[in-house]
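So this first bit is one chain, no partners, the form predicted alone, shown in structure tokens.
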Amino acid sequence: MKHLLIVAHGSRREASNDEVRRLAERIAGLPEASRFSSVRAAFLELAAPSIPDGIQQCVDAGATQIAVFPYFLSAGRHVVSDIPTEVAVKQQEYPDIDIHITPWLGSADTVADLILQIVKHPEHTA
């Protein structure tokens, strides 16, 4: 069973964390997401669940493969070091489960097109 874990930074502002949780719910509702048994949100810091707890939730739900998606715009310290460190702990704990980190959001070629769509139709945002 494949699971998708959307990993964001986390915020002291709970409404920001809720945005990420709602994004995971919206993604789960898309036809393209039907290949995943679940789509969940987790946070690097300041919010729950943590990355290890989010991975554990997937494992407990029967995951055989977990795609960890860094919801970050650039490859700063969190993407390059912190997230891999958190994920590595669970990879060692569950060597029979394919737990892998996908490319981060900002690395997608389609981000430039998305930005242009948003600024072309700003009334559709927020």
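These numbers were taken from a predicted model, which means no experiment stands behind them. When you see a residue number, it is the position in the sequence shown, counting from 1.
Same protein, other form: the form predicted in complex with another copy of the chain, not shown, and the subject of what follows.
- Within this chain, Val89 is remote from the site of another copy of the chain in the model of the complex, having no heavy atom within 4.5 Å.
- In the model of the complex, at least one heavy atom of Gly76 sits within 4.5 Å of a heavy atom of another copy of the chain.
- Contact annotation for Phe43: none of its heavy atoms lies within 4.5 Å of another copy of the chain in the model of the complex.
- None of the heavy atoms of Ile97 is located within 4.5 Å of another copy of the chain in the model of the complex.
- Residues are counted as partner-facing when one of their heavy atoms sits within 4.5 Å of another copy of the chain in the model of the complex; in 10-27 these are Arg13, Ser16, Glu19, Leu23, Arg26, Ile27, in sequence order.
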